Each structure stands twice: as C-alpha cells, then as structure tokens.
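First comes one chain, alone, set out as structure tokens in the form predicted on its own.
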Amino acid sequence: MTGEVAVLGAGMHPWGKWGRSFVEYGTVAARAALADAGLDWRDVGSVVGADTVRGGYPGYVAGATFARALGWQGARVTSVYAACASGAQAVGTARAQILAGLADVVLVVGADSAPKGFFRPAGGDRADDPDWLRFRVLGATNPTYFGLYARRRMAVHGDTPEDFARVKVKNSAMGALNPYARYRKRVTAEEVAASAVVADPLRLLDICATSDGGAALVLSSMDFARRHGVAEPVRIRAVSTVTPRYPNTVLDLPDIATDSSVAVPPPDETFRASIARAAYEEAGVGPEDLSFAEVYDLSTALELQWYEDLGLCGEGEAAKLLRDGVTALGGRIPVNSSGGLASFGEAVPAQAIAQVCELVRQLRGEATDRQVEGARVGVSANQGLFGHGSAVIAVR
C-alpha cells in the first residue's frame, strides 16, 4: 500500500454540446472544485492538466493553459496525455507530487470540446501508427470495435442484444438524476431496440456520444487536510496505470491484429483484469469490499465486460448480474451511479476525472437521489488507447 492523499474539492462543468472552448469548461470546473474545497486559487502549489488533442497547441499543454486562464501565480504545471485514461494519469501525477513533498495542494483539470459524430484520426500520413492504420486500412471507427466486442460476448458468453439494452435502461435512469449529465431522460428497452443500427449488434442508444465537458479535483496531503479542518476527507488510496502483457490474444482498439502465442503463452489474466488487480493490491482491498463502481461504458456491452474484469462476478456471469439487479441503484454493487458515458457522452480528458468526482460525491453522501447507501469504498476504471489502463480507488 502507498500513502493516501485527500480529495478536498470536486467540480464539473455540465456535459453537452456547447460550442465553446475547452478552456472555458475546464476553468468553470476548476473554480467549482476550489470553491468546494474552500480554498483560494493562490493556495494551489501545482496544476496537472489532462491534455486534449482537439484544442490546438493550448490543448497539448493543458496544465499551463488552465493555470494561465485562472491567472498566473507561480504554481508548478504538468500536462499529461493518455487518451481516455488521461484524467486518471493526471490524478496519479498529482498524487505522486503530493507524496513526494513537491506540493501540498494540487489542482487536477481536464476538459474537451468534441466534434460531432465519431472521433477521427489525427491529420497526416503515418503508416507506422496503429490508430492511423485502422482508419485508413480497415475504415474501422471506434463503434466498429465496440460491435466486435459485443459479438464476442454473444459468441463466448451467450449475451443478447436485450442484455445490452438493459445496461442503457439502467444507466439512463441514474443519469436522469444527475445535473451534470448531457442526457437526462430515461430510456426504455423498446427505444433502444428501435434506434438505428450503428455496428451490429449495437444500436445508436448502445453507444456513447462525443461531448463537451470539464471536471476538476483539488487534492492535498493528509496533513494539509487536517490543518484545513477536514478531519476525515475522502481519500485516494490507489491509482493503477498498468500496461498490457505480451502476448495480447484478444483484439483491442486500435490494433488490427492480435499477438501470436505460439512461442510465448498468453498471460493468466486479460489487460483490463490486470488494471483492477493492480489497484486492489495497492489499496489493500478486493472486489468484495467495494460499495460501488464507475466504469467506462463506451458501449453497453463494454460495461458488462468491466463487471467481470473488476471481479464483481465470474467470467460469463455479467449479464446475470445485470438481470438480477445487482448493479442497479439499490443493488449489492451499483455500477455507474453517475449515469456513465451512456448519459454523459465522452469528453476524453475530463471523463476519468468526472468518474472520481462521482466517487467523491457518493463517499461524502452528497449524491442525493443517486446516493449509494453506506458507501465506503469506490472504484473507477477505464482504458485508453495504446495500453493505457487506469483505475482509481477512493475510500471514506
């Protein structure tokens, strides 16, 4: 186990399609997090920004961009990028700075202004770039991979399109209660089935949208939190940012082929399962200790896969867990009480930070109608391109 850091503040800009700069969203979220922490911007010793590739040069140096927007005051700045895992990497960087004694208070910020429709590859010709290749050679957008994952679950575990629809129904019910969500309307299974097919068997309502949004956290040392009068803050106990092990025998975005296992046997666990295991080992807890979880439901089928990768059930048992109501609000282990990506859409560098914001609200008992009763331990999990795994465990 490593040392813990305190979460003093959490703030967000509502998700949507607002048509403004990511800097505005991140600044609003940062000021909300500082207000929640009861701190002044000048109390911050370091800023860690999660980068966006859609904001021009300011997006590539997000830490400095947000520090400038808030007003230069001499704080350290760091900018990190790890695709969908950028926010968790930023949290991990901030925690490391605090535990190393480089700063008492660190502001973590991520925000995005996303295009309409599917994400596109970055411009230019790069024949050695797997992300460029999957678009140019296969024409494989993100939903193509989501459809492949869903088909695999149907073939291997017997999941059905009706199971996938149940995920959307569950998440939309919780997202309808979240003031920061983009989609605040309950959805029925019939509406999912009636939506357009995007990547068979997945329909439009099975796949998350691309969104604008921003999220921020104020982290501090435990000593600073006590001096600030917060005796029992929410604490981050683990941040897992592990990479895959060779050979990877299950196709993963953005790759167009798996590794050969002729000479080297495959690892005992999948990449996503290793992300969770590393977090559990660092935190000194197991899946049986969890009160709730926030997972990266890029598609409804992927949420089911996360149930198994987090150890909430055995392999192939995710659909039964869902059908039995175990992952719904009021169930044994609610998943995506925020409403998940199904309700937010994806604002890439902000999303993993938003997941931790939900952990904080639940552990403080501030989630109102979405509150998980008796929440004590929460985990967030996601995966970014090119082997960026991330999971955060927070406790109260």
Partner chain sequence: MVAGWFTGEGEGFRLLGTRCSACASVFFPREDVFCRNPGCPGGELREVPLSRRGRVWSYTDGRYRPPSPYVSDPELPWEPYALIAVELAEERLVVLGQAVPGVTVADLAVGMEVEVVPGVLNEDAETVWTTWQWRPTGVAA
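Source: prediction; values computed, not measured. Residue numbers count along the first chain shown, from 1.
Omitted here: the form predicted together with its partner chain. The next part is about that form.
| Taking its partner chain in the predicted complex as the reference, which of 73, 243, 261, 160 has a non-hydrogen atom within 4.5 Å? | It is 261 that has a heavy atom within 4.5 Å of the partner.
| request: Report the residue, out of 314, 139, 115, 179, that has at least one non-hydrogen atom within 4.5 angstroms of its partner chain in the predicted complex. | output: Spelling it out, the residue with a heavy atom inside the cut-off is 139.
| Using 4.5 Å between non-hydrogen atoms, is residue 183 touching its partner chain in the predicted complex? | Answer no; every heavy atom of residue 183 is more than 4.5 Å from its partner chain in the predicted complex.
| Should residue 151 be classed as touching its partner chain in the predicted complex when contacts are defined as heavy atoms within 4.5 Å? | Yes, residue 151 sits close enough to its partner chain in the predicted complex that at least one of its heavy atoms falls within 4.5 Å.
| For residue 234, is any heavy atom within 4.5 Å of its partner chain in the predicted complex, or not? | Taking the distances in the predicted complex, the answer for residue 234 is no, it never comes within 4.5 Å of its partner chain.
| task | Indicate whether its partner chain has at least one heavy atom within 4.5 Å of a heavy atom of residue 120 in the predicted complex. | result | Result yes; residue 120 sits at the interface with its partner chain in the predicted complex.
| request: Please state whether all three residues 127, 196 and 200 have a non-hydrogen atom within 4.5 angstroms of its partner chain in the predicted complex. | output: Yes, the whole candidate spot contacts its partner chain.
| query | Heavy atoms within 4.5 Å of its partner chain in the predicted complex: which of the stretches 184 to 192, 167 to 175, 243 to 251, 220 to 228 has them? | reply | In the other structure, the partner sits against 243 to 251.
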